[in-house]
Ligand SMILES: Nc1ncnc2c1ncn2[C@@H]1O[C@H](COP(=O)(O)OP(=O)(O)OP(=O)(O)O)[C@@H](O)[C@H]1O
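Only one chain comes next, encoded as structure tokens, the form predicted alone.
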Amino acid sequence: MTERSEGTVKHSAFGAESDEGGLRTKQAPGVRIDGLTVVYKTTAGELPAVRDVSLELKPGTITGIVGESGSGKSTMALSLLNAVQPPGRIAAGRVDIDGLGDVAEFKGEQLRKARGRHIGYVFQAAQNSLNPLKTVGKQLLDLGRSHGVEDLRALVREAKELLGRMGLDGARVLDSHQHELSGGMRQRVGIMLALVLNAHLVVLDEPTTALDMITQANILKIVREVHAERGLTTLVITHDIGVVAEVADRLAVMYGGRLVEQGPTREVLADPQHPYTRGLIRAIPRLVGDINEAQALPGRPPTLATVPKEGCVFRERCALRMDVCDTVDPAARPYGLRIVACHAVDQAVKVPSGEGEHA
């Protein structure tokens, strides 16, 4: 959508639009994560939670990152905010965001301004990001003041419009404390707070966790609609492949701090190449057919202390394990329209669709 304006930046209920020669155009930033490594200091030394991850979020797309708990998804997402807390730190790599630069180098006031204004984050378990002692409206005003918003009344109007767009009574929600709101309502409040300052890069960490199926469907519908209407670049972190299949243009699969497969969502789900991706898909329960077709992945995902220092991180649970997997970390290589890190794929060994993984 474009229209003529007076040469300023306009904030509306459907996003911030910059003026270029009097023509307002939506701006969705691209993101390039290159060689990102995040380590945590432990009694055993610094251990990697994210290791040598490279990922591109193309402007205007929704990218989903999926993997079991402890795979490093949230740690990687927090790196987009440069918000990894001690004893963790970004040890290597870059996080380049269009219009900002490498946020991994940001500090102090420069970093504070980037958060909220440019990068919106909806935290896992939205109630944990709300102050139980303040109403949502007071927290909204605190957010506006901390970012130097001069017209706080306009900010409140924007918040009410966003909440109304998501099916809520904006006035009532802003006058409520978190305990007066349901889980689905709190999640929508989190989305509103991430968008109200007109950020165009939005990260949603487990946006449907602990919600009933109907509320999950509503949240995903809202994510799709708001993404399109406000011209966003969106990153969705989840352990639920169904969520990714519903909203994401591209899918990245994470295991043991590594990205093992990434590409167009439909292609990855229809014909997964990495054995871990296949295992995740086969573990999904079916509503129809043989209930025994769904098979849980054997074994357990690695922890910080048990991630192997060399070789493939998935080898202990992989049916395609080869000698080289014990000592050589597979490189992430192009495979058609996707990128896969697997020695078996390197050797053009296609994973049989009926073959299972073993511990």
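Position 1 is the first residue in the sequence shown; the rest follow in order. What you see is a predicted model; the values in this text were computed from it and never measured.
This protein has a second form, the form predicted together with the named molecule, left out of what is shown; the following refers to that one.
- This chain appears without its partner; in the predicted bound form, the one residue of P264, G242, G99, P87 with a heavy atom within 4.5 Å of the named molecule is P87.
- This chain is displayed alone, yet in the predicted bound form one of S71, S79, T234, T277 has a heavy atom within 4.5 Å of the named molecule; that residue is S71.
- You can rule out all but one of 302 to 310, 27 to 35, 323 to 331, 56 to 64: in the predicted bound form, only 302 to 310 has residues with a heavy atom within 4.5 Å of the named molecule.
- Using a 4.5 Å cutoff between non-hydrogen atoms, E206 counts as a contact of the named molecule in the predicted bound form.
- Not displayed here, the named molecule is kept clear of Q273 by more than 4.5 Å at the level of heavy atoms in the predicted bound form.
- L297 falls outside the set of residues with a heavy atom inside 4.5 Å of the named molecule in the predicted bound form.
- Proximity of A319 to the named molecule in the predicted bound form: non-hydrogen atoms within 4.5 Å are absent; the residue sits far from the partner.
- Taken together, the three residues Y40, A49 and T75 all come within 4.5 Å of the named molecule in the predicted bound form, as judged by their closest heavy atom.
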